[in-house]
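Just the one chain here, laid out as structure tokens, in the form predicted on its own.
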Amino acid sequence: MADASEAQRRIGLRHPIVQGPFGGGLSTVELAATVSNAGGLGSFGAHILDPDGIEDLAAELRAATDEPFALNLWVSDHDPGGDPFSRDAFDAVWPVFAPFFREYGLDKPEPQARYHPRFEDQAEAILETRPRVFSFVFGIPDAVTLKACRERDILTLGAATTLAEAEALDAAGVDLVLATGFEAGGHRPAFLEPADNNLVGTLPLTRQIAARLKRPVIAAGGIADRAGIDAALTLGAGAAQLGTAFLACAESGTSDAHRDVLFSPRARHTVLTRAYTGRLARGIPNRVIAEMEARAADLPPFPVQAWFLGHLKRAAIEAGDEDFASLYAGQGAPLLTHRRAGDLMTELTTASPARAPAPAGA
């Protein structure tokens, strides 16, 4: 690849490649360390961990790699009505989920005091553990937290779904901006407007932000191979983030059933849905989307919906099916060719776009 970009120099990367952080238990130390050790930026989605869990995670990552890595959090940890969520509200929504719990032989769970850790507590753990990069979605940390990151030499990487969000990140002094197009798998991390209004493609969004901001830009969304990385760099990005391509690898924390779907013709069709957590996300259609969208008016807000679905997801995986799995996938999924992260990194860092292997089934 070309000479190191400013993003690479600031983070300390040999290659302009960022592994997308996966929440919900889909990130692993093995995957992040594999990417970091190969010269990219390994990432871990830590938004479901409490502060002690984040500190333990950072220690595990440092034992697995001496290279830079990123820890990712969700700045907005609940939607309106999601914290607090009363016992009466819990009992009111339980009938929506009860038939599916019975189907998998699960008892009614007990209500929780909170359904997601507090971002402010998690951010304190980030400051204590000092990863090279603190990446975040669904908003901007407060000025005190950003200042504390600068004082500790922690680079901040914030996600933007529009130029306006990128400008807000820039004004707040965030070090790097992730231009995340609507092609991306997983959640749409909008924070200035409803996510449904922020469906800008990766290519125009990357170009807009790179042309208007002086801060380094990382492109994300629909990028799954070397040609996609090169296109992002041509448009002014200093690196590219790949999510689905790494999620499909054996080192990720997803299920074999999910991986099989990613490499199947079903991956050619993805949809935006609120079925998984209550927040808009892109995935491959399956039963959970059909069932939850049919009951959309009765579903609880994030993170309560995500908590209920988490029980069903685990039960489905144990049963060997993907009916209630969150089949996250970006629009680049039909380009997937590798099932091992090391093999993927080798291709991304050595192959010429003109000679890149044809996608499976092409």
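Residues carry their position along the shown sequence, with the first being 1. Only a predicted model underlies this, so the values are computations on that prediction, with no experimental measurement involved.
Beyond what is shown, the protein has a form predicted in complex with a small molecule; the following relates to that form.
Residue contact check for W74: one or more of its heavy atoms lie within 4.5 Å of the small molecule in the predicted bound form. Among residues of the shown chain, Y328 is one whose heavy atoms approach the small molecule to within 4.5 Å in the predicted bound form. Contact check for P21: a heavy atom falls within 4.5 Å of the small molecule in the predicted bound form. Residue contact check for T161: none of its heavy atoms lie within 4.5 Å of the small molecule in the predicted bound form.
Only one of L57, A306, L26, A316 lies close to the small molecule in the predicted bound form, with a heavy atom inside 4.5 Å, and it is L26. Out of the listed residues I126, V177, L247, A239, L247 is the one that sits within 4.5 Å of the small molecule in the predicted bound form by at least one heavy atom.
Remark: of stretches 167-175, 231-239, 182-190, 79-87, the one touching the small molecule in the predicted bound form is 182-190 (heavy atom within 4.5 Å).
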